[in-house]
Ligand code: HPA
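The form predicted on its own is given below as one chain in structure tokens.
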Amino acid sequence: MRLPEHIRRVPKADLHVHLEGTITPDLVKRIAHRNKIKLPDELLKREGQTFQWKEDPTPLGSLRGFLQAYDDATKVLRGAQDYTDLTYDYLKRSAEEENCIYAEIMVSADHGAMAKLSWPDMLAAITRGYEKAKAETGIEMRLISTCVRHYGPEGALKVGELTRAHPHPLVTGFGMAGDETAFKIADFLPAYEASGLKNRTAHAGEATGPATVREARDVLKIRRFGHMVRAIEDSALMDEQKAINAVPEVCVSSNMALKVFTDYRKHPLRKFFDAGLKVVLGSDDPTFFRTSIGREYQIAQEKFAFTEKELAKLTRNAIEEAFIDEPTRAKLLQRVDAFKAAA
């Protein structure tokens, strides 16, 4: 879907996106053919650039169905070239078609291992894709080493230890994704500590309620939260989050697809912004949810009445809170400010 020009020209930042979740059905088919892998018949029956999974009337059931489809699609990734192609494809599309100037991508050593890649080799493959895309478009990228909650605390600890043992200039943060009901958040604190990284985020308050946001904040000592949308159910929590200048990484389309909300009017994006929370946008797993970072900005305008100035503010929020070095931050902020001055 081509963006309207007034949306496309707004500089964008994608601060919540899973690398494997950017894979298109066409790329899945090409890589599957290259790697001689048979895909599940039901995975690609939907029309267009998306996937399908078992529908469920509950957020948790929908999440689990999606996670299964995610695993089915990403099983085609079996080597370094696959990850180079995946990274390049996402960054190139985002920059050229949507004017995305910065992406902060969650990457998983667990998924790399499934592709028979060591963590260093996976990072090297991703870096090659990034460097090619940057040379062609100017887009910037950093990586968040991410443990998968439903793979368990022991697996998460190994991810943290790998992250520390193999430092990489593009890996600037540590996070946690996956099934929010699996284990306790405290079980994963050792993984965060083992990573040696001070920049932290975690999924909380999406499939589960406000209590998980408090727990993630208090146990993991974070200010950035993947999703956090269920915090709207607790007014005291909202005040607490505003007091710490919390950063909700909001992904509207995935929230709707996973039935966290069934009506845009119930989604808290606008309420978060108006309450003074430092809202940023993310595409999450864009090809699974029929979206893109540009589409998320378009939804913010069409469904939540964000002005172009407010859209640019979302990007500035993201750059200010990104896990990047200060010279890069300054350059990116200059691009946002130049747009605002010209608008």
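Because the structure is a prediction, the values reported are computed rather than measured. We number the residues from 1 along the sequence you see.
If you look for the form predicted together with the ligand, you will not find it shown, but the lines that follow are about it.
Enquirer: Tyr70, Gly178 and Asp284: each with a heavy atom within 4.5 Å of the ligand in the predicted complex?
Expert: Result yes, every residue of the spot touches the ligand.
Enquirer: Exactly one stretch in 24-32, 285-293, 309-317, 272-280 has heavy atoms within 4.5 Å of the ligand in the predicted complex; which is it?
Expert: Going through the listed ranges, the match is 285-293.
Enquirer: I'd like to know if Ala300 sits close to the ligand in the predicted complex, meaning any non-hydrogen atom pair within 4.5 angstroms.
Expert: No, no contact at 4.5 Å.
Enquirer: Examine His203 and determine whether its closest non-hydrogen atom to the ligand in the predicted complex is within 4.5 angstroms.
Expert: Yes - in the predicted complex, heavy atoms of His203 and the ligand come within 4.5 Å of each other.
Enquirer: Is Phe66 part of the interface with the ligand in the predicted complex - any heavy atom within 4.5 Å?
Expert: Yes, contact at 4.5 Å.
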